[in-house]
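Take a look at this single chain, the form predicted on its own, given in structure tokens.
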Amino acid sequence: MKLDNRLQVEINEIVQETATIKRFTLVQTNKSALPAFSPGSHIILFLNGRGGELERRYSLVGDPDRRGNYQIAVKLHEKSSGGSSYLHNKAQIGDILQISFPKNYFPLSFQARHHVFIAAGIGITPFLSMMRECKEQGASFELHYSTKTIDDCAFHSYLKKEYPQHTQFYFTKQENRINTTILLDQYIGTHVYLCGPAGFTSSFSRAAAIIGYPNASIHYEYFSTPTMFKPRSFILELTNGSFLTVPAEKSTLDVLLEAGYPVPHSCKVGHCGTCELSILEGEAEHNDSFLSTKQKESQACFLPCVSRSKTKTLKVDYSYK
């Protein structure tokens, strides 16, 4: 069922994968087939929260060829603002949810000669469908998966059964810590895919760049706004003469939207480039993974969903209103 570009689904099954991770199976309320998706895709869940509607992104972990259901895995966060807390503590089989159509900002590269997947914690989720695709296509790949302990390792039995020759586990509390040396001695043409906490992802991304991987061969995905820098407030000046204060706790995009200035947007984590705005004066602090290094250095544009300002005032070309 389509509701304003949304799908209405019902929770069909809930499986406790680890103490803090649950897997949910979702089916359309009218029992029809769900839209096809490609490996690495995610959906957005629209949930009711205290401050209004919440949007939460989750990778599709099921088989793309089985369109009767979608499967997502959700980690209960200690400081949940409502999404994972609701799904872990209140959601029941039979509950009706609204979701987006699948989107994919983290696809497999068809040019890669070898795929290296590196995951931490719940970051394993996008790689489940990607590894399935690699296996079916006979592609060369390997997985490096880090968690605190084996008990925190979601899909451990599944991975050992399906990919015993491709998977290496790392358990940090058992003196088996993952490190960036796994990026060394890889084949020419290898592509690296990273998913996990921002610090984990950025450290491996920097290491890959230092080793010499081309930027186009390093892929990573965030499901929440990256927090690599301590945010500071600044003034956003628009070409219509308006000035908006962007406080430290809000994104530039959210300030624009709340002030009634519509900006096309999609991923909200600096990955798709939909919300790009041109810079007229000032210097942006780029936190996105969409713009190239040259584009960032040129200071010609920025992504307001995650990026901010290095200067007290940032003037942008706003032409929507």
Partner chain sequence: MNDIKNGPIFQPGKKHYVLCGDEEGLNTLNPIKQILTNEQMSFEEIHLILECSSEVDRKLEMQKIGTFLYVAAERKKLRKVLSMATKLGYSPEEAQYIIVGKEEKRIFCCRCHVISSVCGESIKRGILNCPACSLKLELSDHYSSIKDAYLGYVAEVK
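Numbering follows the first chain given and starts at 1. Here the structure is a predicted model, which means the values were calculated and not measured.
Beyond what is shown, the protein has a form predicted together with the partner chain; the following relates to that form.
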### in the predicted bound form, Gly189 touching the partner chain (heavy atom, 4.5 Å)
yes
### Task
Indicate whether Ala91 is a 4.5 Å heavy atom neighbour of the partner chain in the predicted bound form.
no
### Query
Should Asn179 be counted as a contact of the partner chain in the predicted bound form, where contact means heavy atoms within 4.5 Å?
no
### Query
Could you tell me if Asn215 has a non-hydrogen atom within 4.5 Å of the partner chain in the predicted bound form?
yes
### Task
Verify the flagged residues Arg23, Leu47 and Asp95 against the partner chain in the predicted bound form: is each one within 4.5 Å by a non-hydrogen atom?
no
### Query
Just one of Ala139, Ile211, Ile235, Ala198 has a heavy atom within 4.5 angstroms of the partner chain in the predicted bound form, so which one?
Ile211
### Summary
Interface check vs the partner chain in the predicted bound form: of Glu175, Asp185, Glu78, Glu249, the one with a heavy atom inside 4.5 Å is Asp185
### Query
Of these, 189 to 197, 160 to 168, 239 to 247, 122 to 130, which stretch puts a heavy atom within 4.5 angstroms of the partner chain in the predicted bound form?
189 to 197
